[in-house]
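Okay, so we've got the same protein chain twice, two forms, each given alone as C-alpha coordinates, structure 1 and structure 2.
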Structure 1
(Lines of atoms letter the chains of each structure in order from A and count residues from 1; the text may use other names and numbers.)
(Lines give C-alpha, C1' and ligand atoms only; values in the text may rest on other atoms or scores of the structure.)
Protein backbone atom coordinates (compact mmCIF):
# COMPACT_ATOMS: atom_id res chain seq x y z
CA UNK A 1 0.00 0.00 0.00
CA UNK A 2 2.85 2.31 0.88
CA UNK A 3 4.54 1.45 -2.42
CA UNK A 4 1.34 2.30 -4.34
CA UNK A 5 1.14 5.61 -2.50
CA UNK A 6 4.70 6.46 -3.48
CA UNK A 7 4.02 5.63 -7.12
CA UNK A 8 0.84 7.69 -7.36
CA UNK A 9 2.19 10.63 -5.42
CA UNK A 10 2.75 13.72 -7.52
CA UNK A 11 6.31 14.59 -8.26
CA UNK A 12 7.35 18.09 -7.27
CA UNK A 13 7.54 20.55 -10.17
CA UNK A 14 11.15 21.40 -10.87
CA UNK A 15 11.51 24.85 -12.35
CA UNK A 16 14.23 25.17 -14.93
CA UNK A 17 16.88 27.65 -13.88
CA UNK A 18 18.03 30.12 -16.50
CA UNK A 19 21.55 31.33 -16.75
CA UNK A 20 21.46 35.05 -15.95
CA UNK A 21 24.26 35.75 -18.40
CA UNK A 22 22.29 34.12 -21.23
CA UNK A 23 19.14 36.04 -20.29
CA UNK A 24 21.03 39.34 -20.35
CA UNK A 25 22.61 38.38 -23.68
CA UNK A 26 19.19 37.62 -25.19
CA UNK A 27 17.78 40.97 -24.07
CA UNK A 28 20.83 42.77 -25.42
CA UNK A 29 20.35 41.07 -28.80
CA UNK A 30 16.73 42.28 -29.07
CA UNK A 31 17.35 45.54 -27.23
CA UNK A 32 17.54 47.71 -30.34
CA UNK A 33 14.32 46.22 -31.71
CA UNK A 34 12.54 46.87 -28.40
CA UNK A 35 13.81 50.46 -28.29
CA UNK A 36 12.76 50.95 -31.91
CA UNK A 37 9.29 49.56 -31.17
CA UNK A 38 8.87 51.91 -28.21
CA UNK A 39 10.27 55.07 -29.83
CA UNK A 40 9.25 54.67 -33.48
CA UNK A 41 5.92 52.84 -33.13
CA UNK A 42 4.28 52.92 -29.70
CA UNK A 43 5.25 56.47 -28.69
CA UNK A 44 4.00 58.08 -31.95
CA UNK A 45 0.75 56.11 -31.68
CA UNK A 46 0.16 57.28 -28.10
CA UNK A 47 1.15 60.84 -29.08
CA UNK A 48 -1.35 60.85 -31.96
CA UNK A 49 -4.16 59.36 -29.84
CA UNK A 50 -3.61 62.06 -27.21
CA UNK A 51 -3.55 64.92 -29.73
CA UNK A 52 -6.75 63.66 -31.37
CA UNK A 53 -8.62 65.36 -28.52
CA UNK A 54 -6.84 68.70 -28.95
CA UNK A 55 -6.60 71.60 -31.34
CA UNK A 56 -2.89 71.64 -32.20
CA UNK A 57 -1.26 73.59 -35.01
CA UNK A 58 2.33 73.14 -33.90
CA UNK A 59 2.27 76.17 -31.59
CA UNK A 60 2.10 75.21 -27.92
CA UNK A 61 0.54 78.50 -26.84
CA UNK A 62 -2.50 77.95 -29.08
CA UNK A 63 -2.97 74.28 -28.15
CA UNK A 64 -6.27 73.62 -26.38
CA UNK A 65 -8.40 70.64 -25.40
CA UNK A 66 -11.48 70.30 -27.64
CA UNK A 67 -12.86 66.95 -26.54
CA UNK A 68 -15.03 65.26 -29.18
CA UNK A 69 -15.05 68.28 -31.48
CA UNK A 70 -12.57 66.79 -33.97
CA UNK A 71 -14.52 63.55 -34.19
CA UNK A 72 -17.87 65.35 -34.55
CA UNK A 73 -16.40 67.33 -37.45
CA UNK A 74 -15.24 64.12 -39.14
CA UNK A 75 -18.68 62.50 -39.03
CA UNK A 76 -20.79 65.60 -39.74
CA UNK A 77 -18.81 68.05 -41.89
CA UNK A 78 -15.78 66.48 -43.57
CA UNK A 79 -17.33 65.20 -46.79
CA UNK A 80 -13.93 65.13 -48.49
CA UNK A 81 -12.70 62.45 -46.09
CA UNK A 82 -15.63 60.15 -46.86
CA UNK A 83 -15.22 60.77 -50.59
CA UNK A 84 -11.61 59.62 -50.34
CA UNK A 85 -12.87 56.40 -48.76
CA UNK A 86 -14.96 55.77 -51.87
CA UNK A 87 -11.90 56.43 -54.03
CA UNK A 88 -9.82 54.07 -51.89
CA UNK A 89 -12.38 51.27 -52.21
CA UNK A 90 -12.62 51.88 -55.97
CA UNK A 91 -8.84 51.74 -56.23
CA UNK A 92 -8.77 48.48 -54.27
CA UNK A 93 -11.51 46.88 -56.38
CA UNK A 94 -9.69 47.84 -59.58
CA UNK A 95 -6.24 46.73 -58.45
CA UNK A 96 -6.71 43.36 -56.72
CA UNK A 97 -8.60 41.57 -59.55
CA UNK A 98 -5.66 42.43 -61.81
CA UNK A 99 -2.76 41.90 -59.44
CA UNK A 100 -3.63 38.61 -57.73
CA UNK A 101 -4.57 36.52 -60.81
CA UNK A 102 -1.53 37.91 -62.62
CA UNK A 103 0.76 37.06 -59.68
CA UNK A 104 -0.68 33.55 -59.47
CA UNK A 105 -0.24 33.04 -63.23
CA UNK A 106 3.43 34.09 -63.04
CA UNK A 107 3.95 31.85 -60.00
CA UNK A 108 2.49 28.86 -61.85
CA UNK A 109 4.87 29.50 -64.76
CA UNK A 110 7.88 29.82 -62.43
CA UNK A 111 6.83 26.67 -60.56
CA UNK A 112 6.96 24.68 -63.80
CA UNK A 113 10.14 23.10 -65.06
CA UNK A 114 11.70 26.04 -66.88
CA UNK A 115 15.28 27.22 -67.13
CA UNK A 116 16.71 30.23 -65.26
CA UNK A 117 14.01 30.22 -62.58
CA UNK A 118 16.19 32.23 -60.21
CA UNK A 119 16.73 34.96 -62.80
CA UNK A 120 13.02 35.37 -63.53
CA UNK A 121 12.15 35.36 -59.83
CA UNK A 122 14.64 38.18 -59.28
CA UNK A 123 13.27 40.14 -62.24
CA UNK A 124 9.67 39.92 -61.02
CA UNK A 125 10.62 40.75 -57.43
CA UNK A 126 12.84 43.71 -58.39
CA UNK A 127 10.03 46.35 -58.46
CA UNK A 128 9.25 45.50 -54.84
CA UNK A 129 12.72 46.71 -53.84
CA UNK A 130 12.15 50.11 -55.44
CA UNK A 131 10.55 52.76 -53.25
CA UNK A 132 6.94 53.60 -54.03
CA UNK A 133 7.83 57.28 -54.44
CA UNK A 134 10.40 56.41 -57.11
CA UNK A 135 7.88 54.19 -58.89
CA UNK A 136 5.46 57.10 -58.83
CA UNK A 137 8.05 59.29 -60.55
CA UNK A 138 8.75 56.56 -63.13
CA UNK A 139 5.10 56.07 -64.08
CA UNK A 140 4.44 59.81 -64.08
CA UNK A 141 7.26 60.19 -66.61
CA UNK A 142 6.01 57.26 -68.69
CA UNK A 143 2.45 58.60 -68.92
CA UNK A 144 3.32 62.28 -69.11
CA UNK A 145 1.79 64.23 -72.02
CA UNK A 146 5.21 64.16 -73.72
CA UNK A 147 6.12 60.76 -72.25
CA UNK A 148 7.15 57.46 -73.77
CA UNK A 149 3.70 55.84 -73.54
CA UNK A 150 2.06 58.46 -75.77
CA UNK A 151 4.97 58.19 -78.22
CA UNK A 152 4.57 54.40 -78.43
CA UNK A 153 0.79 54.57 -78.90
CA UNK A 154 1.15 57.17 -81.65
CA UNK A 155 3.85 55.16 -83.43
CA UNK A 156 1.54 52.13 -83.42
CA UNK A 157 -1.30 54.21 -84.81
CA UNK A 158 -3.55 53.58 -81.81
CA UNK A 159 -3.93 57.30 -81.05
CA UNK A 160 -3.54 60.33 -83.32
CA UNK A 161 -2.61 62.86 -80.64
CA UNK A 162 -1.11 62.67 -77.16
CA UNK A 163 -3.40 61.84 -74.24
CA UNK A 164 -3.28 63.90 -71.06
CA UNK A 165 -3.56 60.90 -68.74
CA UNK A 166 -3.63 62.94 -65.54
CA UNK A 167 -6.31 65.42 -66.64
CA UNK A 168 -9.12 62.84 -66.58
CA UNK A 169 -10.05 61.09 -63.28
CA UNK A 170 -10.67 57.67 -64.86
CA UNK A 171 -7.42 57.71 -66.85
CA UNK A 172 -5.45 58.96 -63.85
CA UNK A 173 -6.92 56.15 -61.73
CA UNK A 174 -5.99 53.61 -64.41
CA UNK A 175 -2.36 54.78 -64.36
CA UNK A 176 -2.34 54.60 -60.55
CA UNK A 177 -3.63 51.03 -60.66
CA UNK A 178 -1.06 49.94 -63.27
CA UNK A 179 1.81 51.51 -61.34
CA UNK A 180 0.68 50.03 -58.04
CA UNK A 181 0.26 46.55 -59.55
CA UNK A 182 3.76 46.72 -61.04
CA UNK A 183 5.27 47.74 -57.71
CA UNK A 184 3.69 45.08 -55.50
CA UNK A 185 2.82 41.97 -57.52
CA UNK A 186 6.37 40.59 -57.12
CA UNK A 187 5.80 39.93 -53.42
CA UNK A 188 2.61 38.05 -54.16
CA UNK A 189 4.45 35.97 -56.77
CA UNK A 190 6.86 34.80 -54.05
CA UNK A 191 3.98 34.05 -51.66
CA UNK A 192 2.21 31.97 -54.29
CA UNK A 193 5.45 30.19 -55.18
CA UNK A 194 6.00 29.26 -51.53
CA UNK A 195 2.44 27.91 -51.34
CA UNK A 196 2.85 25.90 -54.55
CA UNK A 197 6.08 24.35 -53.27
CA UNK A 198 4.20 22.94 -50.28
CA UNK A 199 1.93 20.81 -52.48
CA UNK A 200 3.25 17.22 -52.58
CA UNK A 201 4.29 16.12 -56.05
CA UNK A 202 2.57 12.76 -55.46
CA UNK A 203 -0.80 14.50 -55.63
CA UNK A 204 -0.08 15.78 -59.14
CA UNK A 205 1.28 12.40 -60.19
CA UNK A 206 -1.93 10.69 -59.05
CA UNK A 207 -4.03 13.24 -60.92
CA UNK A 208 -1.93 12.70 -64.04
CA UNK A 209 -2.43 8.92 -63.82
CA UNK A 210 -6.17 9.49 -63.51
CA UNK A 211 -6.09 11.57 -66.69
CA UNK A 212 -7.16 14.86 -65.04
CA UNK A 213 -6.83 17.93 -67.25
CA UNK A 214 -4.78 20.97 -66.21
CA UNK A 215 -8.02 22.89 -65.67
CA UNK A 216 -9.32 20.25 -63.26
CA UNK A 217 -5.95 19.96 -61.51
CA UNK A 218 -5.83 23.70 -60.87
CA UNK A 219 -9.38 24.08 -59.52
CA UNK A 220 -9.63 20.73 -57.73
CA UNK A 221 -6.10 20.35 -56.35
CA UNK A 222 -3.89 23.43 -56.61
CA UNK A 223 -6.39 26.10 -55.57
CA UNK A 224 -7.88 24.20 -52.60
CA UNK A 225 -4.43 23.26 -51.26
CA UNK A 226 -3.08 26.81 -51.36
CA UNK A 227 -6.34 28.30 -50.05
CA UNK A 228 -5.02 29.01 -46.50
CA UNK A 229 -2.05 30.92 -47.96
CA UNK A 230 -4.38 32.65 -50.42
CA UNK A 231 -6.42 33.86 -47.47
CA UNK A 232 -3.38 35.61 -45.98
CA UNK A 233 -2.23 36.95 -49.36
CA UNK A 234 -5.65 38.55 -49.85
CA UNK A 235 -5.51 40.07 -46.38
CA UNK A 236 -2.05 41.53 -46.93
CA UNK A 237 -3.03 42.83 -50.37
CA UNK A 238 -6.21 44.48 -49.11
CA UNK A 239 -4.37 46.03 -46.17
CA UNK A 240 -1.50 47.26 -48.34
CA UNK A 241 -3.82 48.74 -50.97
CA UNK A 242 -5.90 50.58 -48.39
CA UNK A 243 -2.70 52.14 -47.01
CA UNK A 244 -1.48 53.53 -50.34
CA UNK A 245 -0.66 57.21 -49.87
CA UNK A 246 2.78 58.48 -50.85
CA UNK A 247 2.54 56.73 -54.23
CA UNK A 248 -0.60 58.74 -55.05
CA UNK A 249 0.94 62.00 -53.86
CA UNK A 250 4.01 61.59 -56.05
CA UNK A 251 2.14 60.55 -59.19
CA UNK A 252 -1.04 62.62 -59.23
CA UNK A 253 -0.97 64.68 -56.00
CA UNK A 254 -4.62 63.67 -55.71
CA UNK A 255 -5.55 65.37 -59.00
CA UNK A 256 -7.42 66.19 -60.96
CA UNK A 257 -9.38 68.22 -58.38
CA UNK A 258 -8.74 65.69 -55.62
CA UNK A 259 -10.49 62.87 -57.50
CA UNK A 260 -7.64 60.37 -57.00
CA UNK A 261 -6.96 61.09 -53.33
CA UNK A 262 -7.03 57.92 -51.24
CA UNK A 263 -7.67 58.11 -47.50
CA UNK A 264 -3.99 58.05 -46.60
CA UNK A 265 -2.89 60.50 -49.30
CA UNK A 266 -5.62 62.92 -48.18
CA UNK A 267 -4.48 62.78 -44.54
CA UNK A 268 -0.81 63.14 -45.45
CA UNK A 269 -1.39 65.92 -47.97
CA UNK A 270 -3.70 67.91 -45.69
CA UNK A 271 -2.49 67.45 -42.12
CA UNK A 272 1.11 66.20 -42.00
CA UNK A 273 3.66 69.01 -41.46
CA UNK A 274 5.98 69.28 -44.44
CA UNK A 275 3.36 67.85 -46.81
CA UNK A 276 0.33 70.00 -46.02
CA UNK A 277 -0.28 72.74 -48.57
CA UNK A 278 -1.79 75.11 -46.02
CA UNK A 279 0.24 76.50 -43.15
CA UNK A 280 -0.89 76.15 -39.56
CA UNK A 281 -3.24 73.21 -40.16
CA UNK A 282 -4.89 71.50 -37.22
CA UNK A 283 -2.58 68.53 -36.65
CA UNK A 284 -4.88 67.35 -33.86
CA UNK A 285 -7.67 66.96 -36.39
CA UNK A 286 -5.31 64.96 -38.60
CA UNK A 287 -4.56 62.69 -35.62
CA UNK A 288 -8.31 62.20 -35.11
CA UNK A 289 -8.66 61.28 -38.79
CA UNK A 290 -5.82 58.77 -38.45
CA UNK A 291 -7.43 57.22 -35.37
CA UNK A 292 -10.82 56.86 -37.08
CA UNK A 293 -9.14 55.46 -40.20
CA UNK A 294 -7.22 52.89 -38.12
CA UNK A 295 -10.46 51.73 -36.49
CA UNK A 296 -12.17 51.33 -39.88
CA UNK A 297 -9.22 49.42 -41.34
CA UNK A 298 -9.18 47.12 -38.31
CA UNK A 299 -12.90 46.46 -38.78
CA UNK A 300 -12.31 45.67 -42.45
CA UNK A 301 -9.53 43.21 -41.56
CA UNK A 302 -11.65 41.48 -38.89
CA UNK A 303 -14.66 41.30 -41.22
CA UNK A 304 -12.51 39.83 -43.98
CA UNK A 305 -11.11 37.15 -41.65
CA UNK A 306 -14.64 36.22 -40.56
CA UNK A 307 -15.89 36.03 -44.14
CA UNK A 308 -12.85 34.15 -45.48
CA UNK A 309 -12.72 31.39 -42.84
CA UNK A 310 -13.98 28.97 -45.49
CA UNK A 311 -10.71 29.41 -47.41
CA UNK A 312 -8.71 28.07 -44.47
CA UNK A 313 -10.80 24.87 -44.43
CA UNK A 314 -11.23 24.48 -48.19
CA UNK A 315 -9.04 21.38 -48.51
Structure 2
Protein backbone atom coordinates (compact mmCIF):
# COMPACT_ATOMS: atom_id res chain seq x y z
CA UNK A 1 0.00 0.00 0.00
CA UNK A 2 3.02 2.23 -0.31
CA UNK A 3 1.59 3.45 -3.56
CA UNK A 4 -1.39 5.05 -1.87
CA UNK A 5 0.92 6.40 0.75
CA UNK A 6 3.06 8.04 -1.91
CA UNK A 7 0.06 9.70 -3.44
CA UNK A 8 -1.31 11.09 -0.23
CA UNK A 9 1.97 11.88 1.53
CA UNK A 10 2.17 15.55 2.35
CA UNK A 11 5.35 17.28 1.38
CA UNK A 12 6.30 20.74 2.61
CA UNK A 13 4.95 23.32 0.20
CA UNK A 14 7.89 25.15 -1.28
CA UNK A 15 7.65 26.97 -4.58
CA UNK A 16 10.07 25.00 -6.65
CA UNK A 17 12.13 26.65 -9.30
CA UNK A 18 12.24 24.38 -12.27
CA UNK A 19 15.24 23.88 -14.46
CA UNK A 20 13.93 24.37 -17.99
CA UNK A 21 16.17 21.77 -19.60
CA UNK A 22 15.27 19.25 -16.92
CA UNK A 23 11.53 19.85 -17.39
CA UNK A 24 11.82 19.30 -21.13
CA UNK A 25 13.82 16.11 -20.65
CA UNK A 26 11.36 14.81 -18.07
CA UNK A 27 8.43 15.26 -20.40
CA UNK A 28 10.32 13.72 -23.30
CA UNK A 29 11.19 10.64 -21.23
CA UNK A 30 7.59 10.00 -20.18
CA UNK A 31 6.10 11.41 -23.38
CA UNK A 32 5.01 8.06 -24.81
CA UNK A 33 3.14 7.22 -21.61
CA UNK A 34 1.39 10.60 -21.52
CA UNK A 35 0.25 10.20 -25.12
CA UNK A 36 -0.74 6.64 -24.28
CA UNK A 37 -2.67 7.78 -21.24
CA UNK A 38 -4.87 9.97 -23.43
CA UNK A 39 -5.04 7.65 -26.44
CA UNK A 40 -5.21 4.03 -25.26
CA UNK A 41 -6.42 4.49 -21.68
CA UNK A 42 -8.64 7.53 -21.17
CA UNK A 43 -10.13 7.65 -24.66
CA UNK A 44 -11.36 4.02 -24.55
CA UNK A 45 -12.86 4.55 -21.09
CA UNK A 46 -14.71 7.70 -22.26
CA UNK A 47 -15.77 5.91 -25.45
CA UNK A 48 -17.29 3.07 -23.44
CA UNK A 49 -19.00 5.39 -20.95
CA UNK A 50 -20.57 7.40 -23.79
CA UNK A 51 -21.67 4.33 -25.76
CA UNK A 52 -23.45 2.99 -22.69
CA UNK A 53 -26.26 5.37 -23.59
CA UNK A 54 -26.47 4.19 -27.18
CA UNK A 55 -27.60 1.28 -29.27
CA UNK A 56 -24.56 0.32 -31.33
CA UNK A 57 -24.00 -2.92 -33.19
CA UNK A 58 -20.84 -2.00 -35.04
CA UNK A 59 -22.72 -0.40 -37.95
CA UNK A 60 -22.49 3.38 -37.70
CA UNK A 61 -25.75 4.11 -39.52
CA UNK A 62 -27.88 2.12 -37.08
CA UNK A 63 -26.40 3.82 -34.01
CA UNK A 64 -28.99 5.68 -31.94
CA UNK A 65 -29.24 7.32 -28.56
CA UNK A 66 -31.40 5.27 -26.19
CA UNK A 67 -31.04 7.14 -22.91
CA UNK A 68 -31.19 4.92 -19.87
CA UNK A 69 -32.66 1.96 -21.77
CA UNK A 70 -29.51 -0.18 -21.52
CA UNK A 71 -29.31 0.39 -17.77
CA UNK A 72 -33.01 -0.26 -17.25
CA UNK A 73 -32.63 -3.56 -19.08
CA UNK A 74 -29.67 -4.51 -16.88
CA UNK A 75 -31.48 -3.84 -13.62
CA UNK A 76 -34.92 -5.16 -14.56
CA UNK A 77 -34.55 -7.88 -17.18
CA UNK A 78 -31.02 -9.25 -17.43
CA UNK A 79 -31.19 -12.21 -15.05
CA UNK A 80 -28.28 -13.90 -16.82
CA UNK A 81 -25.95 -11.07 -15.86
CA UNK A 82 -26.96 -11.16 -12.20
CA UNK A 83 -26.57 -14.93 -12.17
CA UNK A 84 -22.95 -14.46 -13.29
CA UNK A 85 -22.46 -12.23 -10.23
CA UNK A 86 -23.73 -15.04 -8.03
CA UNK A 87 -21.36 -17.42 -9.79
CA UNK A 88 -18.47 -15.01 -9.23
CA UNK A 89 -19.24 -14.75 -5.52
CA UNK A 90 -19.67 -18.51 -5.24
CA UNK A 91 -16.34 -18.98 -7.00
CA UNK A 92 -14.67 -16.57 -4.55
CA UNK A 93 -16.25 -18.24 -1.53
CA UNK A 94 -15.11 -21.66 -2.73
CA UNK A 95 -11.62 -20.65 -3.78
CA UNK A 96 -10.31 -18.51 -0.92
CA UNK A 97 -11.11 -20.94 1.94
CA UNK A 98 -9.14 -23.61 0.06
CA UNK A 99 -6.31 -21.49 -1.23
CA UNK A 100 -5.38 -19.30 1.74
CA UNK A 101 -5.14 -22.02 4.44
CA UNK A 102 -3.28 -24.23 1.95
CA UNK A 103 -0.76 -21.47 1.18
CA UNK A 104 -0.49 -20.62 4.88
CA UNK A 105 0.19 -24.25 5.78
CA UNK A 106 2.96 -24.54 3.18
CA UNK A 107 4.46 -21.24 4.34
CA UNK A 108 4.51 -22.49 7.95
CA UNK A 109 6.28 -25.67 6.85
CA UNK A 110 8.80 -23.68 4.82
CA UNK A 111 9.39 -21.36 7.75
CA UNK A 112 10.74 -24.23 9.86
CA UNK A 113 14.51 -24.59 10.02
CA UNK A 114 14.76 -26.99 7.11
CA UNK A 115 17.34 -27.63 4.45
CA UNK A 116 16.65 -27.07 0.75
CA UNK A 117 14.19 -24.30 1.64
CA UNK A 118 14.88 -22.48 -1.62
CA UNK A 119 14.23 -25.61 -3.63
CA UNK A 120 10.85 -26.28 -2.03
CA UNK A 121 9.87 -22.64 -2.32
CA UNK A 122 10.61 -22.70 -6.04
CA UNK A 123 8.65 -25.90 -6.55
CA UNK A 124 5.55 -24.44 -4.93
CA UNK A 125 5.91 -21.26 -6.92
CA UNK A 126 6.26 -23.10 -10.24
CA UNK A 127 2.54 -23.41 -11.15
CA UNK A 128 2.15 -19.63 -10.86
CA UNK A 129 4.36 -19.27 -13.92
CA UNK A 130 2.21 -21.35 -16.21
CA UNK A 131 -0.08 -19.60 -18.65
CA UNK A 132 -3.83 -19.91 -18.31
CA UNK A 133 -4.22 -21.40 -21.80
CA UNK A 134 -1.81 -24.22 -20.90
CA UNK A 135 -3.55 -24.80 -17.57
CA UNK A 136 -6.82 -25.03 -19.47
CA UNK A 137 -5.38 -27.74 -21.73
CA UNK A 138 -3.76 -29.67 -18.86
CA UNK A 139 -6.83 -29.69 -16.61
CA UNK A 140 -9.12 -30.51 -19.51
CA UNK A 141 -6.99 -33.58 -20.12
CA UNK A 142 -6.62 -34.50 -16.43
CA UNK A 143 -10.38 -34.41 -15.86
CA UNK A 144 -11.34 -36.04 -19.14
CA UNK A 145 -14.05 -38.72 -18.84
CA UNK A 146 -11.54 -41.45 -19.71
CA UNK A 147 -8.74 -39.57 -18.02
CA UNK A 148 -6.38 -40.05 -15.12
CA UNK A 149 -8.33 -38.23 -12.38
CA UNK A 150 -11.34 -40.49 -12.76
CA UNK A 151 -9.02 -43.50 -12.66
CA UNK A 152 -7.23 -42.30 -9.51
CA UNK A 153 -10.45 -41.41 -7.69
CA UNK A 154 -11.95 -44.78 -8.59
CA UNK A 155 -8.93 -46.72 -7.41
CA UNK A 156 -8.97 -44.78 -4.13
CA UNK A 157 -12.65 -45.65 -3.78
CA UNK A 158 -13.76 -42.02 -3.62
CA UNK A 159 -16.07 -42.39 -6.61
CA UNK A 160 -17.67 -45.58 -7.88
CA UNK A 161 -17.95 -44.73 -11.56
CA UNK A 162 -16.37 -42.21 -13.91
CA UNK A 163 -17.63 -38.65 -13.69
CA UNK A 164 -18.24 -36.39 -16.65
CA UNK A 165 -16.67 -33.39 -14.92
CA UNK A 166 -17.46 -30.74 -17.48
CA UNK A 167 -21.11 -31.72 -17.97
CA UNK A 168 -22.33 -31.00 -14.45
CA UNK A 169 -22.41 -27.38 -13.17
CA UNK A 170 -21.15 -28.03 -9.64
CA UNK A 171 -18.42 -30.44 -10.79
CA UNK A 172 -17.27 -28.08 -13.54
CA UNK A 173 -17.11 -25.39 -10.87
CA UNK A 174 -14.98 -27.64 -8.68
CA UNK A 175 -12.48 -28.22 -11.51
CA UNK A 176 -12.44 -24.47 -12.17
CA UNK A 177 -11.71 -23.75 -8.50
CA UNK A 178 -8.99 -26.41 -8.30
CA UNK A 179 -7.28 -25.14 -11.43
CA UNK A 180 -7.49 -21.60 -10.19
CA UNK A 181 -6.08 -22.47 -6.76
CA UNK A 182 -3.26 -24.36 -8.44
CA UNK A 183 -2.37 -21.38 -10.59
CA UNK A 184 -2.32 -18.70 -7.88
CA UNK A 185 -1.52 -20.20 -4.47
CA UNK A 186 2.25 -19.93 -5.12
CA UNK A 187 2.30 -16.15 -4.81
CA UNK A 188 0.37 -16.36 -1.56
CA UNK A 189 2.95 -18.78 -0.17
CA UNK A 190 5.59 -16.13 -0.84
CA UNK A 191 3.50 -13.39 0.79
CA UNK A 192 2.88 -15.51 3.88
CA UNK A 193 6.57 -16.42 4.07
CA UNK A 194 7.53 -12.74 3.93
CA UNK A 195 5.04 -12.07 6.72
CA UNK A 196 6.31 -14.93 8.89
CA UNK A 197 9.90 -13.77 8.53
CA UNK A 198 8.96 -10.48 10.18
CA UNK A 199 7.99 -12.17 13.43
CA UNK A 200 10.95 -11.97 15.82
CA UNK A 201 12.07 -15.41 17.01
CA UNK A 202 12.17 -14.19 20.64
CA UNK A 203 8.38 -14.18 20.63
CA UNK A 204 8.34 -17.88 19.83
CA UNK A 205 11.06 -18.65 22.32
CA UNK A 206 9.18 -17.07 25.17
CA UNK A 207 5.99 -18.86 24.13
CA UNK A 208 8.01 -22.07 24.11
CA UNK A 209 9.24 -21.38 27.65
CA UNK A 210 5.66 -20.84 28.76
CA UNK A 211 4.84 -24.24 27.31
CA UNK A 212 2.28 -23.02 24.78
CA UNK A 213 1.03 -25.65 22.35
CA UNK A 214 1.49 -25.28 18.61
CA UNK A 215 -2.17 -24.40 18.07
CA UNK A 216 -2.11 -21.73 20.74
CA UNK A 217 1.08 -20.28 19.28
CA UNK A 218 -0.47 -20.16 15.82
CA UNK A 219 -3.76 -18.56 16.82
CA UNK A 220 -2.49 -16.29 19.60
CA UNK A 221 0.86 -15.23 18.19
CA UNK A 222 1.40 -15.99 14.52
CA UNK A 223 -2.01 -15.00 13.17
CA UNK A 224 -2.33 -11.67 15.04
CA UNK A 225 1.22 -10.74 14.13
CA UNK A 226 0.73 -11.26 10.42
CA UNK A 227 -2.73 -9.64 10.46
CA UNK A 228 -1.74 -6.53 8.49
CA UNK A 229 -0.20 -8.60 5.69
CA UNK A 230 -3.08 -11.06 5.86
CA UNK A 231 -5.40 -8.15 5.18
CA UNK A 232 -3.41 -7.23 2.10
CA UNK A 233 -3.32 -10.83 0.90
CA UNK A 234 -7.09 -11.03 1.30
CA UNK A 235 -7.63 -7.83 -0.65
CA UNK A 236 -5.38 -9.01 -3.48
CA UNK A 237 -7.05 -12.43 -3.55
CA UNK A 238 -10.60 -11.10 -3.47
CA UNK A 239 -9.75 -8.60 -6.16
CA UNK A 240 -8.09 -11.25 -8.30
CA UNK A 241 -10.96 -13.71 -7.94
CA UNK A 242 -13.66 -11.15 -8.70
CA UNK A 243 -11.83 -10.15 -11.86
CA UNK A 244 -11.24 -13.66 -13.11
CA UNK A 245 -12.26 -13.76 -16.75
CA UNK A 246 -10.16 -15.41 -19.39
CA UNK A 247 -9.21 -18.17 -16.94
CA UNK A 248 -12.85 -19.31 -16.96
CA UNK A 249 -12.92 -19.16 -20.74
CA UNK A 250 -9.92 -21.45 -21.10
CA UNK A 251 -10.98 -23.86 -18.34
CA UNK A 252 -14.70 -24.44 -18.87
CA UNK A 253 -15.63 -21.82 -21.51
CA UNK A 254 -18.44 -20.98 -19.08
CA UNK A 255 -20.00 -24.40 -19.58
CA UNK A 256 -22.09 -26.37 -19.07
CA UNK A 257 -24.70 -23.98 -20.49
CA UNK A 258 -23.19 -20.83 -19.01
CA UNK A 259 -23.29 -22.06 -15.41
CA UNK A 260 -19.64 -21.31 -14.67
CA UNK A 261 -19.52 -17.88 -16.29
CA UNK A 262 -18.18 -15.20 -13.97
CA UNK A 263 -19.06 -11.57 -14.61
CA UNK A 264 -15.88 -10.87 -16.54
CA UNK A 265 -15.92 -14.04 -18.60
CA UNK A 266 -19.59 -13.45 -19.41
CA UNK A 267 -18.88 -9.98 -20.75
CA UNK A 268 -15.93 -11.20 -22.81
CA UNK A 269 -17.95 -14.12 -24.08
CA UNK A 270 -20.90 -11.97 -25.10
CA UNK A 271 -19.32 -8.87 -26.52
CA UNK A 272 -15.68 -9.35 -27.48
CA UNK A 273 -14.91 -10.31 -31.10
CA UNK A 274 -13.74 -13.89 -31.39
CA UNK A 275 -15.62 -15.01 -28.29
CA UNK A 276 -19.09 -13.61 -29.01
CA UNK A 277 -20.88 -16.11 -31.22
CA UNK A 278 -23.69 -13.89 -32.47
CA UNK A 279 -23.04 -11.24 -35.05
CA UNK A 280 -24.31 -7.74 -34.45
CA UNK A 281 -24.53 -7.77 -30.67
CA UNK A 282 -25.45 -4.47 -29.06
CA UNK A 283 -22.02 -3.20 -28.06
CA UNK A 284 -23.67 -0.24 -26.35
CA UNK A 285 -25.32 -2.69 -23.99
CA UNK A 286 -21.93 -4.31 -23.39
CA UNK A 287 -20.54 -0.90 -22.47
CA UNK A 288 -23.38 -0.34 -20.00
CA UNK A 289 -22.70 -3.77 -18.47
CA UNK A 290 -18.98 -3.02 -18.20
CA UNK A 291 -19.71 0.32 -16.57
CA UNK A 292 -22.09 -1.18 -14.00
CA UNK A 293 -19.60 -3.98 -13.33
CA UNK A 294 -16.64 -1.67 -12.81
CA UNK A 295 -18.67 0.54 -10.45
CA UNK A 296 -19.60 -2.51 -8.38
CA UNK A 297 -16.02 -3.79 -8.35
CA UNK A 298 -14.78 -0.43 -7.11
CA UNK A 299 -17.48 -0.29 -4.42
CA UNK A 300 -16.53 -3.77 -3.21
CA UNK A 301 -12.83 -2.88 -3.06
CA UNK A 302 -13.47 0.37 -1.18
CA UNK A 303 -15.95 -1.31 1.19
CA UNK A 304 -13.41 -4.02 1.96
CA UNK A 305 -10.71 -1.45 2.72
CA UNK A 306 -13.07 0.57 4.95
CA UNK A 307 -14.30 -2.46 6.87
CA UNK A 308 -10.86 -3.93 7.39
CA UNK A 309 -9.32 -0.67 8.60
CA UNK A 310 -12.23 -0.32 11.04
CA UNK A 311 -11.63 -3.87 12.24
CA UNK A 312 -7.92 -3.15 12.55
CA UNK A 313 -8.64 -0.07 14.64
CA UNK A 314 -10.90 -2.03 16.96
CA UNK A 315 -8.12 -4.35 18.02
Partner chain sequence: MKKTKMKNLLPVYISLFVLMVIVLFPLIYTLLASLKSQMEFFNSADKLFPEKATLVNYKSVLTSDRIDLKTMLFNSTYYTICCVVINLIASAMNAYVFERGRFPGKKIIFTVFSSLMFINMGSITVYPLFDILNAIHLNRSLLGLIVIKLLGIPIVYIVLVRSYVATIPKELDEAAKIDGCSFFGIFWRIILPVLKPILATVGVLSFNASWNEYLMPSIFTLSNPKQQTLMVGIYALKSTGESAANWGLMLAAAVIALIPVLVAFIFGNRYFIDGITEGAVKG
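As the structure is a prediction and not an experimental result, all values here were calculated from the model. Here, rigid core means the biggest group of C-alpha atoms that superpose within 1.5 Å across both forms. Positions refer to the first chain, counted from 1.
- The second of the two standalone chains is derived from the form predicted in complex with the partner chain.
- The Cα shift for residue 52 between structures 1 and 2, taken after rigid core superposition, is 2 angstroms or larger.
- The Cα shift for residue 259 between structures 1 and 2, taken after rigid core superposition, is smaller than 2 angstroms.
- Shown in the overlay between structures 1 and 2, fitted on the rigid core, is a CA shift at residue 66 of 2 Å or greater.
- Taking the rigid core as reference, the CA displacement of residue 29 between structures 1 and 2 comes to 6.8 Å.
- Per-residue C-alpha deviation between structures 1 and 2, core superposed: residue 162, 2.5 Å.
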